[in-house]
Structure formats: C-alpha cells, structure tokens
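A lone chain, given as structure tokens: the form predicted on its own.
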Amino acid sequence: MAAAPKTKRSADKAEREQVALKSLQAIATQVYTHLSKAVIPEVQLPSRNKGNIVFDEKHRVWKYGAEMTTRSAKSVDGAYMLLRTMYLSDFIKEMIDQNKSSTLREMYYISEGWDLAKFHSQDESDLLGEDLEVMTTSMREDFKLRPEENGAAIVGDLKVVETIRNNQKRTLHCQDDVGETGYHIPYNVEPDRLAFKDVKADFVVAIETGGMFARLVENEFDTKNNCALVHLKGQPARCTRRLIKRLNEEHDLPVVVFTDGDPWSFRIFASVAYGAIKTAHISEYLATPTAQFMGITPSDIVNYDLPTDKLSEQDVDALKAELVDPRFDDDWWRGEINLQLEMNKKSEQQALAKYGLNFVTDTYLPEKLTEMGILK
C-alpha cells in the first residue's frame, strides 16, 4: 500500500497560534481599510457547497474549489456577519494572549455580551468558526476553540505521550495501561500535545460502533493480529480522524474501515478516507486517502447470508446520491451501491453474531483482511 502524502504542520503550538493571529489580523485590516476609504467592507472565502468540491490531486482528498463567495456589509445580514467576525477574532486573540481555551458552546454564550454582535444560535457561531478556518487555513485548535466532546478510543500495541496539566508529560501503553474502553482520544491530537512512541501495531482497524469495538477488544483481536483498534463512535470527531491520519502518515500503518452496511456508514468511511464537505478546507490534515473500506458490504450481505432490514426511502435517496458523489466514483463502489438498491436491504455489523460471538474475529475479519492483503 502506498504511503499517504506527507502534510506539513508546525509541531510548535505557539507558532501555529501566531500564524492564526496574523491571518485574523489581516481580515480585520482589510475591513478597516475598506471603512477608512468609505468602501462597503467585504471578505471573500471559498464557496462551501457540494458543487465546489474538487479532487486535490496533490493530497488525494476532496477540497473546496475555485468558486468564491463574498460576505459584504451591503446587506444587514452581511453587516452582522462582519461585526461578529471582528468580535470573534478579538475573543480568539484574548484567549491566545491569556493561554485560555473555550468550548464551542461557551463561545456561543460569550457572545451574549457582544450586544448587536451576539449569535442567535450555536449553529450560527459554529459556522462562523468554520468560516474563519476556511479564510485563514488554520484549524480551530489554533484558535483555542474545542468541541464539547473528545474523540472515541484506541486500543493497540503503541504508546502515547500526552501533555497534561502544567505541561507535564504522561506516557501510556494503549493495551497495558488502559481498561476495556481503551485510551480515550483527546480533542487536540497535534504533535505537541500527543506524540506516538514504540508503535508496534501493523495496521489500524477503524470501527463504527461501540458494540463491535467492544467485541474485538474482548476477543483480543488487537493482540492476536497485532493491530490498533480505533472506535469511530459513529460519524468520527475531527480529532479521531486526525489521529488515524497521523498513524497512517507518520508510521505507515495501513487503515481499514469497518462499518455497518448502509449508505450512512459508507459516508462515515468517505469522511475518514477523503474528507467531508463541512471540513473540506482541512482535508489534508484529517483525511487518510489510502484507507480501505472493509465492510459490511452489500456483497457481504449475500455472501454471508446476513440478517437484514429493508431500506427506507431516506436510505434509497442517500444511495442514489452516492452514485453521483465523487467520493464513490469508481466501478467497485457503483457495483456495490447498485447491488444494495437491487436487493433493497441493509445490515449491521452485529448481524455477524448470527454465527456466534467469535465469528467476526475468527472468520469474517481474517478472511476480509487476507483478501485485502493486510494479513498474510
């Protein structure tokens, strides 16, 4: 398997934060310059819609294309957006200066003190935070913003060295020093906060559901097959995708994704491998383009005679949308999606329990991984 493309991102937290501040200052300077010249202020950023997603050949991920959109004070809504942008930029500068951080939820409530600039909903504040990422090419971690939740968990033969309170370092082995739920992935997994040490696992299995993750841990699949198990926790958090990306990029670990057999789970795989529209501006930092989909495939439903449920109307619409989604633009995916539409059936990972609690680790996964060339 070819190694993932190397991406460059400073390992120095202070340097990343200063780069972010300079970019935010440039936006504020542009607005100020417009106002000082009696010009209606505006800013531009890539259009954040599906039609502006293009394949980046260099990084082999889906990113925003050349289509731009303008946020201008010509409209009332645009003027409010620019006002909030200035307030939020100032709030970020204050946090960096004071070495503080804020959750996205706290940021929303902080705006209650911004008078006319306050947000009407957290969706609105979250979106502006993402817009600032797009405009500056920095990540929200550089803005000292963090989500309410962390990532999921990892179990495997490797050590992590994490920076804890007071900048102390703590080393944990992700098998010997953790419980059954594994090492819980923090929201910030940049190299200065989380380093990998003694990585002896041969590959990574990213697993959609907690039940299947627990089954593989209980059956010691990680020790018997020398792999790292990562619980995706459904649609994976950005830090989970970033951690998988780093293991693949820095330690050349192949990545396979194991999900349910439905269109929404296929999209979970796509977000791991190629990125998502919501985070297309930072796909090269989050996506692992060499990741492979392992199952449950529509063919598995047939070949393993798995218990199924009927597709809903929403499932059918999602599958049809995936037939024209560039992330599924190859003969294999088109064949599998068309087969599922023809069968009108879907299945879950846990359906493999039809053959017993050990079937998934003793038979299904070894067969699939051998077929993919991961196991010899």
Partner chain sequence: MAGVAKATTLDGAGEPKAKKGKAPIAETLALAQKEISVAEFFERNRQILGFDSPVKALITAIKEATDNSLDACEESGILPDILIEVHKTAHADELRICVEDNGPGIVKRQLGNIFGRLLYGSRFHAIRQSRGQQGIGISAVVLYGQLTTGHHAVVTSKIGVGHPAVRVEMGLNTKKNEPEMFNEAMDESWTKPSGTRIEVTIKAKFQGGRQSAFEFLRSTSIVNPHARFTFLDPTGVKTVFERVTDEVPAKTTEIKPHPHGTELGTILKMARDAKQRKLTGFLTEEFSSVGSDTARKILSEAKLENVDPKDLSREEARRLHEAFAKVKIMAPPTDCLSPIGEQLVRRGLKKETEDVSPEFITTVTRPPSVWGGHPFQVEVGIVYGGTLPAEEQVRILRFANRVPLLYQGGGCASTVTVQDVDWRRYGLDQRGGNGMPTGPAILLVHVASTKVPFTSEAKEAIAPMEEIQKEVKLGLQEAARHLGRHLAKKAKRAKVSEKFTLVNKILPELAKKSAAMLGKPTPDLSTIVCKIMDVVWIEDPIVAYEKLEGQTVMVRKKAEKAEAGAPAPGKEAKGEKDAKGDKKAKGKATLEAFAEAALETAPADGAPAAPEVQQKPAHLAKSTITMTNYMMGSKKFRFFVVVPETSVFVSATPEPKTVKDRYLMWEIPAMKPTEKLALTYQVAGVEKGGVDDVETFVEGINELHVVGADPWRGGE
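Positions refer to the first chain, counted from 1. Between two forms, the rigid core is the largest collection of C-alphas that superpose within 1.5 Å. Worth saying up front: this structure is predicted, and the values here are computed from it rather than measured.
Separately, the form predicted together with its partner chain exists; it is not shown, and the next lines address it.
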| message | Against its partner chain in the predicted complex, would residue 36 count as a contact residue? Criterion: heavy atoms within 4.5 Å. | response | yes
| Taking 4.5 angstroms as the cut-off for heavy atoms, does residue 87 touch its partner chain in the predicted complex? | yes
| For residue 332, is any heavy atom within 4.5 Å of its partner chain in the predicted complex, or not? | no
| task | Indicate whether residue 31 is a 4.5 Å heavy atom neighbour of its partner chain in the predicted complex. | result | yes
| Can all three of 253, 289 and 291 be found with a heavy atom no more than 4.5 Å from its partner chain in the predicted complex? | no
| said: Within 4.5 angstroms, counting heavy atoms, which one of the listed stretches 213-221, 176-184, 157-165, 74-82 is next to its partner chain in the predicted complex? | reply: 74-82
| Is any part of 101-140 within 4.5 angstroms of its partner chain in the predicted complex by a non-hydrogen atom, and which residues would that be? | 116
| query | Does the distance between the two CA positions of residue 22 reach 2 Å or more between the shown form and the other one, the core being superposed? | reply | yes
| query | Just checking, between the shown form and the other one and with the core aligned, does residue 59 shift 2 Å or more at the CA? | reply | no
| field | Core-aligned CA displacement of residue 237 at least 2 Å between the shown form and the other one | value | no
